[in-house]
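Read the single chain below, which is given as structure tokens and is the form predicted alone.
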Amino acid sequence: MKKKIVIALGLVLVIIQFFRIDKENPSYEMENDFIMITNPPELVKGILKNSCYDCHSFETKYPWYTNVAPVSWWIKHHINEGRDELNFSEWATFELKRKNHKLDEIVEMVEEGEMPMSSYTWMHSEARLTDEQKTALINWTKSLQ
């Protein structure tokens, strides 16, 4: 009985590998991008690129493990949620009220340690923010309002 279960699970794992995620980043107008519009200092730009843009823009870099289902499905779901919540690639299309609200949320999420997500920084250590980086990002974001 155990042997049949192991074989069945193995088959399922093999079969689900044929259900791939879409890794193509949509094209977008660079002049709509948050960094292009706000021209942050290099430190902040680096923080945004390393800690935010993979899930919150159309510049996602898909690592090797996004080739393995069901992990790939879980990651793609997070990317879709991140883009739905805040997409830096579409910043210019936001109304002023929405921009200000998103800036407030950035500050809040970073202050509370909710962003970047620990599930992301676990595999992307370069995305972890030091206290200095958090302060720089928060202060700069507040200066935009």
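Only a predicted model underlies this, so the values are computations on that prediction, with no experimental measurement involved. Note that residue numbering begins at 1 and tracks the sequence as displayed.
From this point on, the text means the form predicted in complex with heme C, which you will not see here.
Visitor: Heavy atom within 4.5 Å of heme C in the predicted bound form: which of 109, 44, 37, 69 fits that? Just give me the one.
Guide: Going through each option in turn, the one that passes is 109.
Visitor: With the partner left out of view, is residue 61 within 4.5 angstroms of heme C in the predicted bound form by any non-hydrogen atom?
Guide: No, residue 61 stays farther than 4.5 Å from heme C in the predicted bound form.
Visitor: Just checking whether residue 120 would be counted as a contact of heme C in the predicted bound form - the rule being heavy atoms within 4.5 angstroms.
Guide: So residue 120 counts as contacting heme C.
Visitor: Taking heme C as it sits in the predicted bound form, is residue 29 in contact with it (heavy atom to heavy atom, 4.5 Å or less)?
Guide: Residue 29: no contact with heme C in the predicted bound form.
Visitor: Would residue 105 sit within 4.5 Å of heme C in the predicted bound form, counting heavy atoms only?
Guide: Flag for residue 105 set to yes.
Visitor: Are there residues in 77-93 with a heavy atom within 4.5 Å of heme C in the predicted bound form, and which are they, in order?
Guide: Read in sequence order, the residues that approach heme C (within 4.5 Å, in the predicted bound form) are 78, 81, 82, 85, 86.
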